[in-house]
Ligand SMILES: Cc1cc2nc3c(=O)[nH]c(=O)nc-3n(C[C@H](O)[C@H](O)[C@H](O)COP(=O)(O)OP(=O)(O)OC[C@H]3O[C@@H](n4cnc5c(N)ncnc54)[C@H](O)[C@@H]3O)c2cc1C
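Below sits a lone chain in structure tokens, taken as the form predicted on its own.
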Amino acid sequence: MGLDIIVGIKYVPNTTNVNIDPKTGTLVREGVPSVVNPHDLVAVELALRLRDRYGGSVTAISMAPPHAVAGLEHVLGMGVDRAILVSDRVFAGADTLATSYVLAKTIEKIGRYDLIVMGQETIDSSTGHIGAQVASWLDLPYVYYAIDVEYTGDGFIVTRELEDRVERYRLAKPALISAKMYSLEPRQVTLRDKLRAVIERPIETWSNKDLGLDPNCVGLRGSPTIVSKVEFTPKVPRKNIIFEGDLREAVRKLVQALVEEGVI
């Protein structure tokens, strides 16, 4: 029958220079160019490879503002079968707990699924919480740092890679895994799939009217995490010194300058 797979993606600011709202402690995303979180693209690639190997479908979900539709268009262009944007102002300012709650309720509304695939972490926060929290909300077995998955019919054999070892786990379905960053090369977007996405597979948008969640449990109001203070690394002015001469002489001057500055 194939696998029904759900993959989560996040549309993140494509810059290291982000602004923080001083009142809420959350990222200011307006006017900042965004991309699909690169580590989520690894999760999408893993999901697509499983679909290609065993049959079935891949549904991408994202809780984000309306402009994140561009991110879902990207993964549709990679070959994802269905895309759902969960977007509502009441979801704004969510921490990982509130975000994972909304995603879990979205997955419950989708209904049938065999496997959920998440990225290891995001480049804008790097918490690595979402996969484990979604699994906890849904009471699912989960494994992080997955690099390969075998479907056995009634479950999965998941291979994960740690710093000093490789482990294999047997999971009953449904289950959740988090794909290890850099473990796969995401496929390119094809014009054919992107056109088909626009014509045949329009992105669905679900608001809180569709999910019916208590406003006190989502967004900023449903987030127990409090950012009490945000500190930024001060900018260090560059001296723009050019060390001239042949390579040996230039390196000697560079080392001498670093010693005088106390760097080495």
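One-based numbering along the sequence shown. These figures come from a predicted structure and were not determined experimentally.
Unshown form predicted in complex with this ligand; subsequent notes refer to it.
In the predicted bound form, none of the heavy atoms of Met78 sits within 4.5 Å of a heavy atom of this ligand.
Residue contact check for Ile61: one or more of its heavy atoms lie within 4.5 Å of this ligand in the predicted bound form. Using a 4.5 angstroms limit between non-hydrogen atoms, Pro174 is distant from this ligand in the predicted bound form. Interface residue remark: Gly71 is not counted as part of the site for this ligand in the predicted bound form, having no heavy atom within 4.5 Å. Residues within 4.5 angstroms of this ligand in the predicted bound form, judged by any non-hydrogen atom, belong to 89-97 and to none of the other stretches in 162-170, 89-97, 187-195, 145-153. Residue in contact with this ligand in the predicted bound form (any heavy atom within 4.5 Å), chosen from Arg82, Lys105, Lys180, His129: His129.
Contacts with this ligand in the predicted bound form, taken as any heavy atom within 4.5 Å, map within 108-123 to Met118, Gly119, Gln120, Glu121, Thr122.
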